[in-house]
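Consider the single chain below, provided in structure tokens and representing the form predicted on its own.
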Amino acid sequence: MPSCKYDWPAAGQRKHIGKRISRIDGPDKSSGRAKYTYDVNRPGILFAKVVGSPYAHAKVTSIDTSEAEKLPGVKVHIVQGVGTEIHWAGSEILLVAAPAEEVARDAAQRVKIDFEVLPHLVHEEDLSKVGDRGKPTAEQKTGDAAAAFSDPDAVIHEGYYGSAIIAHCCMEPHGQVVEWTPDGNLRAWESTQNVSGMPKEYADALGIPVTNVRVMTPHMGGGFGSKFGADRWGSECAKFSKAVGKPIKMMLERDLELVMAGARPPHYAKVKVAAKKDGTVTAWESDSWSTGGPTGGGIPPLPYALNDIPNVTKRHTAVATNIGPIRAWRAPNHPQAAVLTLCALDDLAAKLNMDPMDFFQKNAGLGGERADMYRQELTKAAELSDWKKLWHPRGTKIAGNVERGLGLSLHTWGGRGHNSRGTVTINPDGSVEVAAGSQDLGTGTRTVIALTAAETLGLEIKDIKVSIGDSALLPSGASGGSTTVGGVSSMTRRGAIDAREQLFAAVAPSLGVPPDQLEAVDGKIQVKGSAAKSVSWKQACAKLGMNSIKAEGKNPGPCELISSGVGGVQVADVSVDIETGLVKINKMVAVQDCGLVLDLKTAESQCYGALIMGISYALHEEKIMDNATGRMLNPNMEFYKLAGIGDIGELVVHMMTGPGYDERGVIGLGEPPVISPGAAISNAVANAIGVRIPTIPITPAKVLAALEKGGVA
């Protein structure tokens, strides 16, 4: 492929790319200088609280706010009035606001609302009990699964698998501060993954031009897929603010965050899978079901990752429930699909008396274009986990009450960079700024932009100012689908090269060469390969006179700087106490590719964070719904369990880089490494105790129940 002026620098010419670069906003965050939505307090601000429905399915029959409005300064805004049908517990009926947060909280408790209670459904795991709430989708077929299962030489396994509903648990809850200016413009400080897209949502809800809305997110404390929209409470806060003529701040408290702010949907399936006696997988059949709340549920991508099985039949049922909104959660549907697929295949390997590492190596070709990468990653994962030394067949009894086991999983994701625009400005004093309407969820967006600009301009990372988190800047896509790093880095690369060329044109006459004979290296503009014929960066910029250079970078654009499609393999090493049912993580190994790694430190950090989240959802997390009341029983951080630091064990991350990987360009990494932990840990527990725990989270109670049915104990 011919070279292009925007190409990433070759491996031997990279100063910053691929190194371990600390986040440039780390000092601000660790010192408290970084300001979040919670830190915004405008003059005359009112604090708002939500009054929601206590019932999962009901009709509002009356609303009495008189007692609430007796408190000083209290204002009330109806969201869903009398006659509205409510479809989940917690659904907002009205907002109350007051000059003090404690007064608003007191006022919310004084509101009296009457309901006509209607039948509800909050549990979908038992498909036989959902009645007409279940809507089967069309059967999908490839090849002839029935014939493959009928083969007399086929080894067949049938099993049931599932993944429970969990919440996002962002450290910073959802919320916003909204304020109207005297000229009728709305300003919103929002905790959002979608700074550039948010103004249109507000504008549509309020019936005003999108140019009248400005959204700002200087910093945010996590989203994981739950913070793409303003939500109904956001747009209603804006209406409320306009009605009362004051700024309004509403941040969800932890109970409402867990109840109202969305969740990762559950998925369950009955799976039948077959292989030849040599371990070659030949057929798949599944009946799966899930819920997306009142609107039903999406279809999981089954069979997952190794999806080129020649004979496949699959059916799915979408179940409508009264559990509230379902939202994207880091690699939507993939963690659940990994459990349903990779656990079934691991059980098939056990039935074949095959080492799972050998089994998945043999079937890596079912991964399509990622087959060779899976093979390389499986080999590396086996090495880093001491697989051949530590793995044992299921049912091998170890002396004592603690059993050890290993399990693996593999995964895939897209990750192509989103559309992004931004400006690169070089000023006569030598200062450089990159500005774009992107956001940093805490993953290092600012750092990636800065290092890309510094690499391109021959500067240090500290020399680059990055301005993001403001919809007044050129638009950049939402941070979802692992698309941000590819989008903003390629935008920055193109803009910085165009700006650099303009600077070369200004400097070339003084160095006596054409502009295309110059390069930017180590804080200088010099004749290519000749440091003696150079001027310092500041001297070069001074030649701009009174004018700054401003170049716009875009993605997509010329040259292939990004691509799509990654794979990864993970191994879990666990110990299970067969007397208490407790599962301990000894070690988690993650082997991951993502094309060209810009910042090795933040790339590894993405994987570490994903492993921690994965351990948490595999062993602890579940949004527990009560059949009788339709309410969430654990809407707090006491009973909604998350993994603590003592639950994590040793984490080992290996990024696949170099030839065969770097030339693919930048690919997103936010989601793929969180997909496999649930399946890998479930497989490790099955290896340890000799029996499958069919659903995650794998709690002590489930372990003990499975052992009673016949594990190694």
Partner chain sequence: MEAFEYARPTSKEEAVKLLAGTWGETEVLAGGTDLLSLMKDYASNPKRLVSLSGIAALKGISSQPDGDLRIGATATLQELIASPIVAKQYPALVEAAHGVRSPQIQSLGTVGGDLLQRPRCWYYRGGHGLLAQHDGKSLVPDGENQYHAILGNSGPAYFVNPSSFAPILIALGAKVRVHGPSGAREVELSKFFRTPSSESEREYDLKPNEILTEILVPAPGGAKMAVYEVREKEALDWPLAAAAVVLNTSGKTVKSARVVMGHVAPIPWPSPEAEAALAGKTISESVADEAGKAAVAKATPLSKNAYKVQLARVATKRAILAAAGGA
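What you see is a predicted model, and the numbers here were worked out from it, not measured in a lab. Residue numbers count along the first chain shown, from 1.
Below, we turn to the form predicted in complex with its partner chain, even though it does not appear here.
Contact with its partner chain in the predicted complex, defined as a heavy atom within 4.5 Å, is made by none of G430, K462 and E519. The stretch in contact with its partner chain in the predicted complex, judged by heavy atoms within 4.5 Å, is 635-643, chosen from 218-226, 477-485, 356-364, 635-643. For the candidate set H334, R500, K75, H620, a heavy atom within 4.5 Å of its partner chain in the predicted complex is found for exactly one residue, namely H620. Here is the short version: of D106, D470, E92, D372, the single residue with a heavy atom within 4.5 Å of its partner chain in the predicted complex is D106. With a 4.5 Å cutoff on heavy atoms, E69 does not count as touching its partner chain in the predicted complex; it lies far away. Contact check for D28: no non-hydrogen atom falls within 4.5 Å of its partner chain in the predicted complex.
When its partner chain is considered in the predicted complex, A701 lines it closely, a heavy atom lying within 4.5 Å.
Although the partner is absent from this view, D577 contacts its partner chain in the predicted complex, with a non-hydrogen atom inside 4.5 angstroms. Interface residues of 624-638, taken as those with a heavy atom within 4.5 Å of its partner chain in the predicted complex (partner not displayed): I624, M625, D626, A628, T629, R631, L633, N634, E638, in sequence order.
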